[in-house]
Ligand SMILES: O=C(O)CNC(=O)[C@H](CS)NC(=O)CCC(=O)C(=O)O
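There is one chain below, alone, in structure tokens, taken in the form predicted alone.
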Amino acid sequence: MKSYLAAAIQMSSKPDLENNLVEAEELIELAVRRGAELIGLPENFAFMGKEADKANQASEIALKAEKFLKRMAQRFQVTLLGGGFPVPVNDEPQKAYNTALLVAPSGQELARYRKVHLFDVNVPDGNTYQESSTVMAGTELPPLYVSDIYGKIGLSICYDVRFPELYRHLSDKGADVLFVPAAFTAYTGKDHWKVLLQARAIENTCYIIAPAQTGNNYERRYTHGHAMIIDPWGVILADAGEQTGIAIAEINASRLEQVRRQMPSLQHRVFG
């Protein structure tokens, strides 16, 4: 792999597909103007609304989101991750897979991942989330896309970050870069988002690219923001704060080698 600039995009997506895609395009263009070659959009980038509304519009969202990702990757000649959008399940019309899609500059699909850990949680701020009511859990571990240019790239989505075994699987396969696109709640994010991302970076000696949702997306749904890029030592290289925008930083091949040489913890594992 070479050294290159990556960008984690931060959006405040609403229950408005067309406007969200316009905002996403503007932020992709901003990242490209700043030199990014590998760009990630957050979970629910195309539509952020009630689970039932998302399920009802899943076919349209899936069609337009996938076309959008391929068009943007081709137009800007970048490798682009759509961090999570609903793709209908064939035999269960009321459910969709929460799907992340990695696309090449040619518009070709490189990797697809269906979120396996669903967010069914009663958050102490009074909000209750039941992702499984409209989302079908994926049944396969995330893929690792191997690129001579950008390194070995692993995919995940949001709530997955609380399950270290998923990332250990990816690091066992040789991952260099881990995507964690998210729509983390404001309440849990303030205490857990940064420390979980740093832990996943440190324990796997990988770069983390974590695009995020921020602000008030709809009704009482507030997301944490702080899209980040973190190096293999756990150093936060870029943090988008709480406004829409981008976190951009270098993915440095020699830094990756240096950290793994200084802290060869993956070689010292006794179990697993």
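One rule holds for the numbers: they count along the sequence shown, beginning at 1. This structure is a prediction, so every number in the text was calculated from the model and none was measured.
Note that the form predicted together with this ligand isn't included here; everything after this is about it.
Although the partner is absent here, H226 sits far enough away that none of its heavy atoms falls within 4.5 Å of this ligand in the predicted complex. Contact check for R114: no non-hydrogen atom falls within 4.5 Å of this ligand in the predicted complex. Mapping the unseen interface onto this chain, F85 falls outside it, with no heavy atom inside 4.5 Å of this ligand in the predicted complex. Among residues of the shown chain, R162 is one whose heavy atoms approach this ligand to within 4.5 Å in the predicted complex. With the partner removed from view, the residue among M48, L27, I61, A36 that has a non-hydrogen atom within 4.5 Å of this ligand in the predicted complex turns out to be M48. Contact with this ligand, judged by heavy atoms within 4.5 Å in the predicted complex, is confined among 233-241, 64-72, 50-58, 203-211 to 50-58. Along 155-185, these residues reach a heavy atom to within 4.5 Å of this ligand in the predicted complex: C158, Y159, R162, A183, F184, T185.
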